[in-house]
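Just one chain follows, in the form predicted alone, and it is written as C-alpha cells.
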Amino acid sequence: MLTYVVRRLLYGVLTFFGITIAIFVLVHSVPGDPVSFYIGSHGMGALSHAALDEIRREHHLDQPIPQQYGWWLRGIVTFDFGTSFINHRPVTALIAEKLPSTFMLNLVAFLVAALIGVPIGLWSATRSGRTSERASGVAFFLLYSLPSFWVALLLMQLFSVHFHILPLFGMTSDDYLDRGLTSKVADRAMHLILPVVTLAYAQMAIYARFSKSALTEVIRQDFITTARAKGATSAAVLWHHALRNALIPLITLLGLTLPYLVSGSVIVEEIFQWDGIGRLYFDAISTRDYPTILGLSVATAVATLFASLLADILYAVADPRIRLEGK
C-alpha cells in the first residue's frame, strides 16, 4: 500500500508542474496585461509612461515568458503567490478570506447531490425495464443538459422575484448582524438554497446515472447469479453482494467532483453575488490580475490533485486488486 501511495504522489508532483506550465502559458497568452487594462480603464493620462514601465519591471512583466515563469515558480515553491495588482493585498490572504464561503457552498452542494443522486440511481437499477426506470433516465438526461446560468436565472425569477420565497442574491440579509444566532443560521441557510441547487442538480444527475449503471453491471455478474442460486433473498443479494461492488467506482467519481464544483462556482457565485473564491476568480480574470488568477489556479489544481489522490487511496482500500496491480 505504501508503494502505491508513493507512486501516486510522484505522479501528482509531475502533474502539478505540468499544470503550472500550462496555466502560466495560457494566462499570458490572453491579449493585454494588467498595465494595459489599467490604461484602458483610466486613460493614458492617469500614469506617465515611466511609471507604467516601472510597474512592469516591478512585476517582471518586461521579461520573457520563461523568466517570468521562473520568478513565479520560485514564489509558488515558498507559498508566496504574489500581490494582487488590483487589491494590492497578498493573494494568499485573499484566498484564505474567500475560501470558507466557497467551501461551505460546495460542501453542501456535494452532500445534496450525493445523498439524493446515489440512492435514486440505485433504486432505478433495481427497477430495470419498468416505466419508472425509463422516466428517471430521461429526467437525469434533462437535468444534466440544462445550462447552469439558465437554471440560476430561472430559479431567481421563480422563487425570488415571483413568489418572494427565497433571497435573490447575496450571502446574508441587510439586517444579518442585528439578528440572533438562530435567525442568523436560518438566514444563511435561506441564502444557500438557490446557489446550492444550481450547483448540485447536474452533479446529482451524474451520480444517479453512474450509480445506476454500476449496479446494473454488477447485478449481471456471475457471482450474483451464484448467490441467487444458493437461495439468497433479493435483499441479501442487493445489500451484501451487489451494492458494495457497485459503489467502488463511485469512490473515484465522488473524489473527482471537486473540479466540477469549483469551475461551476465561478459562474454561480457571480450570478448570486456569493463572496467566495469563484467570484474572486471572475473578477481577477476580468481585470487581468495575473497573480490572483495564477494563485487561484494553482490552489485549485493542488486541491484537485489531492482529491484525486484520496480517491485513488480509497479505491485501493475498497478493492485490494488495485493495490496488487500497482506492485
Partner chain sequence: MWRITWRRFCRSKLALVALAYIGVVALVALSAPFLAASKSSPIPFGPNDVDVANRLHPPDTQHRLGTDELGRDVLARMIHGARVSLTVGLIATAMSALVGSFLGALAGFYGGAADWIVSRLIEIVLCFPFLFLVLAIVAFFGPSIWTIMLALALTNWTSEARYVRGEVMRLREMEFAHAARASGARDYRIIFRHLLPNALAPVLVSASFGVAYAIVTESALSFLGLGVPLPTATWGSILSSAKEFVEYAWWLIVFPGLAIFMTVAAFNIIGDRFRDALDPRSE
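It should be emphasised that the depicted structure is a prediction, and the values quoted were computed from it without experimental measurement. Positions refer to the first chain, counted from 1. Take the two forms, find the largest set of C-alpha atoms that superpose within 1.5 Å, and that set is the rigid core.
Although it is not shown, the form predicted together with its partner chain is what the next lines describe.
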Open item on the list: residue 282 versus its partner chain, in the predicted bound form: is there a non-hydrogen atom within 4.5 Å?
Closed with: yes
Consider residue 217 of the chain shown here, and say whether it contacts its partner chain in the predicted bound form, taking contact as heavy atoms within 4.5 Å.
-> yes
*Is residue 270 close enough to touch its partner chain in the predicted bound form, meaning at least one heavy atom pair within 4.5 Å?*
yes
Note to self: Is residue 274 near its partner chain? Define near as a heavy atom within 4.5 Å, in the predicted bound form.
What the structure shows: no
The one option of 93, 186, 161, 236 with any heavy atom within 4.5 Å of its partner chain in the predicted bound form is 161
Exactly one of 103, 71, 149, 223 comes within 4.5 Å of its partner chain in the predicted bound form through a heavy atom, and that residue is 149
Q: Would you check whether its partner chain, in the predicted bound form, lies within 4.5 angstroms of a non-hydrogen atom from each of 23, 138 and 305?
A: yes
Within 4.5 Å of its partner chain in the predicted bound form by heavy atoms, the stretch out of 209-217, 192-200, 93-101, 116-124 is 209-217
Applying a 4.5 angstroms cut-off on non-hydrogen atoms, the residues of 83-109 near its partner chain in the predicted bound form are none
| query | Does residue 282 show a Cα shift reaching 2 Å between this form and the one not shown after rigid-core superposition? | reply | no
- request: Answer yes if the CA of residue 81 moves 2 Å or more between this form and the one not shown after aligning the rigid core, and no otherwise.
  value: no
Classify residue 72 as shifted (yes) or not shifted (no) between this form and the one not shown, where shifted means its C-alpha moves by 2 Å or more with the rigid core superposed. yes
